[in-house]
Each structure stands twice: as structure tokens, then as C-alpha cells.
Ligand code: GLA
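What follows is a single chain, given as C-alpha cells, in the form predicted on its own.
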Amino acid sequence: MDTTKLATRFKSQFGTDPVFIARAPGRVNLIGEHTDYNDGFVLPIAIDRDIALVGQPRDDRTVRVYSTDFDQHSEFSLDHLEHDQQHEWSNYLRGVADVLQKAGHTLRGFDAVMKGNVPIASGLSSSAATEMATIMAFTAASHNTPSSLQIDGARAAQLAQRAENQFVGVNCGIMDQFISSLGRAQHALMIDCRSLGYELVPMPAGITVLVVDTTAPRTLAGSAYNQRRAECEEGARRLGVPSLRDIAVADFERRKGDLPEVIARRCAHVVHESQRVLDAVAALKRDDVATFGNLMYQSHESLRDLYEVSSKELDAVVDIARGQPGVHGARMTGAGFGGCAVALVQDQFADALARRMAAEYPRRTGRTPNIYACVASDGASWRAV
């Protein structure tokens, strides 16, 4: 994101020049869906779209932020943190301040202008990007002071997740904040959702990640998510394991006949999907993008047929992508019933795929997609202006 205009906007809002730029990216998950709450594995990338806060420290305990995206101001005291029903976007910043202070950190106020090019409510995790950018802003504001923030990337991600869970009230997992914090250019991040161990995995050269927002409402996602989670818990209980992470593929295949049919299908997806993530990591390490792409297709088919969380719109995106030159793989990404699908395509074919998607998808669905060509990018950071 070009922050030059943001610096000019800051001066017009606050009458002085900014001294820091804090930013954090959105993300897309390449493979590993509905595995996180089963203690399994996920493989996201940070994308080259982010939330930025351009600002200057204050000498008091006040935070003043102007959001260019919402054209709204929000101001709060670090000594009296309350929800703001009029400016709900500011609750992500307030929540971060709340959990940082409860974790024992001393914060310094700041003025900032905030802008993002992570599409809101598109499934690319603008919320986690906002939280991580806010941690970076508080870090920048306290730089070279006795109470300077020194929080490693994994801990920062956990605190950001806590802000969303406990202050904002959204029961998200850890993946979004982890990748926004720890992502690296030209790498995916394999995360063990049980241990929170992680490993950077190089992405193949010459690959574009094309994200297609179906623009379909996710009306069933919430209730279906809770139902699927309960079905997985029942499956783990019947199999006598703490979570579905704890049963190997071969053992599951031998025992799945003991499960009710629906429970067996749900568990089959999760058990095989966690293994697919490990297989996908192995494929990337040997630069085998063809195998990686096939695993993406398998993941989508499993989410469609076994976990039953796809939709006609998501299926249409994958079907269109499958037939195009240079496409290695495609799948739905996220909770399902709408949201986004993702395709891995050779750079030289990315524009052609985007054009074909823009033309064909509306004919099949009656909806106009939003299409974003992305590459794996660096995680959260700040710098002096």
C-alpha cells in the first residue's frame, strides 16, 4: 500500500507530520480447512494487502484514530476502555489495548490515520490485520521509552486472538493472527493448531494466488460451523481420542464403519485434510506444484462431498479454474457456504484466468465476483517515517 497519501492525510487531520507507519497483512488459507478446531494443521499465506496505521505518539493515555475507509473518528482513553457501538471498527483497536494492558504492558497513546486494502467481510481476515497493525502501532508509539513493547510474533498473535475472542466477541481460531504476524514473502506458514508450532515453507517461483470472492451471502455458515464442530467432537469421543488429530488415516479407515454415517463423513474429511496439509508441505519442499495443486482439488471435493460446506458459487469457481491453462489447483477457502475460493496459477496465465472468471462466473451464478491476484508477503511490521 502507498502510504504517502496517508501521511498527507495525517497532517491534514492532526496538524503535524507522522513519525511511524505500522501495518499488517490479510491472509488466505491454501489448504487445511476445518482442521484448526480439531487440533490439526493449516497452511496459509500472508497476502500483499494490508491494514496500515500512520501515526505519532502522544504524551498522554489517549488514542485518536481516523479511519479513511469509514470516514469516521474514534477516540478512547487507555484508562477507560469500553465498546463503541457507533464505530464498531474501533473495537478491534480497543480490544488490543485491553488485552495488552491486562497482560502487564504499559501503553502510550497515539494519533493515527488508518486505511486498509484488505476487503472487509470477504474472508481475507481484515480483522486480524487490524489487530496486528494495532499491536505494531503501540510498539512504535512506545519505541525508545522505558516501557517499550517487546513482544515476539507468536505471543503477539495470541494476544490479538484474545482481543477478538474476549473484547470483540468473535470466537476465531489462531490461524489468522498467526499468519498476519509471522508471514514471510514467498513463503507459506504451516501451523500446528495444537502446539502452535510453525514452519515457513517456500512457495514455488512464478506462482500467483488468485482469490475469488464469490460475493454470495454466508447465511448458513454460523449454524453449520457449530454443527460440524459438534459432529467432530462426537466422532472423536466415539473413536476414543482427545481430538481427530490423534487418529492416523489408516486407523480411521479401519474403524470408520463403527461410526454413524454422517459422523463418519465429517471425520473422514478432517482426518484426511490434516494429512493433506502435511503432504502439501512435503510437495512444496520438493517444488512439486502439480502434487500440491491436486491436493487442493482433493480438499475441495472433500469439503463439498464429505463436510458439505461448499456452495454452487464456490463449486463454480473451482470448476472454471480447473479447465484453464496454467492452473495447478483450486479450492474453497474459509468456513464455506460463500466467501472465497483460491486458485494457484502460473504468473503468465493469471490475467487470463481472472478475465475468464469475470466473464464465466456471472453466467453460471448471476453474481459478480471480486477477484484479487495475490502473492505471499511479509507479516506485521512497523518503521519510522
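Being a predicted model, the structure only gives us computed values, none of them experimental. We number the residues from 1 along the sequence you see.
Same protein, other form: the form predicted in complex with this ligand, not shown, and the subject of what follows.
- Partner contacts here mean any heavy atom within 4.5 Å of this ligand in the model of the complex, and among 352-360, 54-62, 334-342, 321-329 they occur only in 334-342.
- Here is the short version: of Ala154, Val289, Val281, Ile174, the single residue with a heavy atom within 4.5 Å of this ligand in the model of the complex is Ile174.
- The contact residue chosen from Trp89, Tyr198, Tyr297, Tyr225 relative to this ligand in the model of the complex is Tyr225, the criterion being a non-hydrogen atom within 4.5 angstroms.
- At a distance threshold of 4.5 angstroms between non-hydrogen atoms, Asp50 is out of contact with this ligand in the model of the complex.
- Using a 4.5 angstroms threshold between heavy atoms, Asp36 counts as touching this ligand in the model of the complex.
- In the model of the complex, at least one heavy atom of Gly32 sits within 4.5 Å of this ligand.
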